[in-house]
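Look below for two forms of one protein chain, each set out as C-alpha cells: first structure 1, then structure 2.
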Structure 1
C-alpha cells in the first residue's frame, strides 16, 4: 500500500517537473525546468492549494535515494576519461580549492554577522 502511495506521488512530482520543463521551453527562462517545478510546488504548498500529505511519502522516498539517482550520470565520466589524463587532473584541484573557499567564507561570514547581531541586541537590551 505504501509503495502504491509512493508511486502515485512520484508520478505527481514527475508531472510537476515536466510542467516546469514545458514552462522553461515556452518562456526561454535560463532556469532548469526541474527548478521551476520546485519553486512552483513550494508556492502551491505555501498557498495551501496542495496538501503536504499529497507529496510527503513520494518526496521522502526520492530524497532518501537521491545519491543513487546520480550514479548513471556520473558513470558517464567513462566517455571523458581522456580529459583527466595529464594536466586535466588540475581541473579537479580547481574544484577542490574553490569548494574550500566557498565553505570557509560563507560559514565564517555568517558566524560573524550572527555574533554581531546577538551583541547588538544584548546592548540594546541593556540600554532600555
Structure 2
C-alpha cells in the first residue's frame, strides 16, 4: 500500500511540474516550466489548498533517489562537451562563483529564518 501511495504522490508532483511547463509554453515566460511548477507547489502548500501529507512520502522518495535523476542530465551534458572546449577556465570560474553565491545566499536565508523562528517561539513561550 505504501508503494501505491508513493506512486500516486510522485504522479501528483510530476503533474504539477507538467502544469508549470504548460504555463511556460503558453505564456512564453523566460522561466523554466519546472521552476513555475515548484512555485505553484509552494503557493498551493502555503495557501493550505494542498496538505503536506499529500506529497510527503513521494517527495521523500524522490529526494532519497535524487542522484539517479541527475544521470540523464549528465549524459546529455557529455554530448555537448565541444561547447566547453577552450572555455574551461571560464566555465570553472562560473561554476565556482555560482556555487559560492548559492551557498552563501542559502546560509543567509537559513540563518535569518532560524532566528525569526526562535524569536517567535520565545514570544509565544514555546521555547524548549
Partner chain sequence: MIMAVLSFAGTILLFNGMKKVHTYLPTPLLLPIVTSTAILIMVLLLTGTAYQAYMEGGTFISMLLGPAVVALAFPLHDQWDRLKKHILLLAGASFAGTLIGLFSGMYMAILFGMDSEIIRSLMPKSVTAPIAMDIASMIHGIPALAAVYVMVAGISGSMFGPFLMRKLFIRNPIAVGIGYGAASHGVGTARALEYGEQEGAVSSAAMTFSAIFASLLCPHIAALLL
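Not measured: the values here are computed from a predicted model. Take the two forms, superpose them, and find the largest set of C-alpha atoms that agree within 1.5 Å; that set is the rigid core. Numbering follows the first chain given and starts at 1.
Engineer: Between the first and the second structure, which is the form predicted in complex with its partner chain?
Structural biologist: That would be structure 1, which is the form predicted in complex with its partner chain.
Engineer: Can a Cα shift of no less than 2 Å be assigned to residue 60 between structure 1 and structure 2, given superposition on the rigid core?
Structural biologist: Comparing the forms between structure 1 and structure 2, which are aligned on their rigid core, residue 60 does not shift its C-alpha by 2 Å or more.
Engineer: Is residue 75 one of the residues whose C-alpha moves 2 Å or more between structure 1 and structure 2 after the core fit?
Structural biologist: True for residue 75: a C-alpha shift of 2 Å or more.
Engineer: With a threshold of 2 Å on the C-alpha, tell me if residue 11 counts as moved between structure 1 and structure 2 once the core is superposed.
Structural biologist: After core superposition, the displacement of the residue 11 C-alpha between structure 1 and structure 2 stays below 2 Å, so no.
Engineer: Can you give the CA shift of residue 95 between structure 1 and structure 2, in Å, with the two forms fit on their core?
Structural biologist: After core superposition, the C-alpha of residue 95 moves 3.8 Å between structure 1 and structure 2.
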